[in-house]
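Below, in structure tokens: the form predicted alone, a single chain.
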């Protein structure tokens, strides 16, 4: 398996620190509002990466934080006349709920910044003792960027280049424009905690380094997030951790690409800003995941409602193929053509191999999906050519392979249609004096009566059967493998 490491700008053969185990951390949201679909793209991408590692047999420990103390939360609370805790609690719960709706698995560990103040203070004290941080007279504590000779390795930036345009803002007490806050002195009305430097709260970059060290240990195998986090957030996380504990921080850094809407950057001013919640009110999570996974996670993703509708249609087609394969296998008649079955089996094997190859090549979901789109096409060709004489094992094997591949990606195919209504018993009784209570058998009797009417060119009877079913919300679907009654 090869993974692109953002820090080295190269694909590298993945070698976990501990054989058979993967420790993975992905930065979570700052919970001051509903997450947008750009955020969702990152969380869905890493959910798929996690799922594939599990499918490969790794024991994955996945951690993701909730930033529940931050300037944005405080500002939102002040705007609404609420406490920061109330705002953070509301949007933490909403985030967890919408992740469930998007079929994103819960992390194994979900620490919240406000519950991790002790470990953060401990890390800051260590950095001060080692000369990598300093306390200002106003109660702020800053990380001394120039004390870290490796600073810039995560994002590929040079310290001297960063000095261009750097400045010390009003109210800051740092010694160097590049230094960043580890601890912020308390301001009236803000959340605050006691510390050796007075009352205050942690800086944004402080929490993740402390949480990774506490819950996963350092170094970890994979650290991920959106490309916008590479600098300064991930760079600053790494600087703190490596300087505090001298153990390395993350062996592989992974970042997702930007999400565009109809080719433009998403923004409220352009009217093309969409939350994940409002998208899921209109479309299925499976369709959204399918749309997102058709683009490689590192590449820019162009979202549009038309593309999302197209993904829904693709899902319907794929689910229909799985259903048709299963139905045809259960209703097979006559001797199956061995050469056709062998061709289908070969197509299944080829799809499996290509899917695995693409996923092992830096989680190329676009290539993996293409392999199964091709199998769906070949499976439909097989059904057309085999007619009612399908090879049950080959058909069921193809159906299971298609459904299984999409399940690995967290894409749940639409559920099979509901059971046929009991009203068919009455229709069958009127047509052919059927007295049983098996709805499926009644459907077969109705189809047989229709076939007899059509063979005798008794179109009035055939049409009457069709009309009766239509009034019940049903239709007859004629396929190469036979006819069946389904919901319209």
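What you see is a predicted model, and the numbers here were worked out from it, not measured in a lab. Residue numbers count along the first chain shown, from 1.
Although not depicted, the form predicted together with a small molecule is the subject of the following passage.
Only one of 27-35, 450-458, 52-60, 423-431 places residue heavy atoms within 4.5 angstroms of the small molecule in the predicted bound form, namely 27-35. Listed residues 219, 397, 111, 257 were compared with the small molecule in the predicted bound form; 257 is the one with a heavy atom within 4.5 Å. Shown without its partner, this chain lists 203, 119, 107, 226 as candidates; in the predicted bound form, only 226 has a non-hydrogen atom within 4.5 angstroms of the small molecule.
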